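First comes one chain, alone, set out as structure tokens in the form predicted on its own.
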């Protein structure tokens, strides 16, 4: 049998893109390879958002070159955002690469593989008019109980640090009926939690419908018990979406809402399109109408011109919101973005020091918030075995906390009431209760 290996870097959208690639390969008779050495096709599905990822890609390609020398029939492809960013330069730097494919060209993967085998090389890069449509039953999804559903592609924002509008293109939206049909199919297959994906997911619109409309449509689909959506831009978090989170029992009480900075001066330089006060007003409204809601965020430290006062304002934002998770990074210039040419570069040493201070504060916040949950009970959606202890199962609460617990008979996809007995830095341990026992 022909075998494939897909290595994935990046966000949930990249993970779902890899599922789509895997489905196409499966339809052509391929099965997953356990290691790169036994693969007939190796695809690197890349992300170019941070930390000079193109360097990591070329380093990985250098390692794969030895496999290509031993097996000249091996096809090596670079896919995703680095492919879109680097284009044909990939062939010049790594001439043993056979395929370069942008993130909006996945449906062409089969034809590109055929072309690479026939002609020795193939390339297809995303255009703004490329459709977002993809046969939903083709994706090689995991065993569940959660499934990703793409609702839109691209981003129309102009954040000065971000390369996504260039690599992913302008926004394109799927029709509501396609989204609903895919979710209905997934529910019929036993998937119980749906995560709606888009680079700027709450900007979704199609005719008179917006993300709130989609959430209401999905809430009525039998078999769906949880719905999430990511990633949201604060400027597009409208009252209708927040009220849908309040009103719809399937919509989870967790929201990933990137702040990027707590300083209005930095937010303006980033062209984020909102102030700290407007951001906090939306946090405040959701906390007033959605019981137990939790928040996660993205933060950048060391943006050009960031002063100590600006950084202190980011720390104060973290204390004010008390995020349950924070994904923080040092600023890294991306090619072609306005911020790459800005004055006021912060030294690497200072960026690292600020990042450590920020992460240290977040650890304190998470430890305190997790400890406060000991004794409370939550409904946990079982998604597999615990990596912490092979005798235990693992799952998530609606508020997106990971819980480990002993329940040998609990099947993947089942809902188990669990009382929290112990808090860890990034997860919780609990014990299963009787049916419905005292959930909070």
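All of these numbers come straight from a predicted model, not from anything done at the bench. Numbering follows the first chain given and starts at 1.
Unshown form predicted together with ligand SAH; subsequent notes refer to it.
You can rule out all but one of 312-320, 211-219, 94-102, 326-334: in the predicted complex, only 326-334 has residues with a heavy atom within 4.5 Å of ligand SAH. In summary, among the residues 191, 229, 161, 148, the only one with a non-hydrogen atom within 4.5 Å of ligand SAH in the predicted complex is 161. Only one of 184, 195, 298, 264 lies close to ligand SAH in the predicted complex, with a heavy atom inside 4.5 Å, and it is 298. For the three residues 49, 258 and 272, a heavy atom within 4.5 Å of ligand SAH turns up in the predicted complex in every case. Proximity of residue 199 to ligand SAH in the predicted complex: non-hydrogen atoms within 4.5 Å are present.
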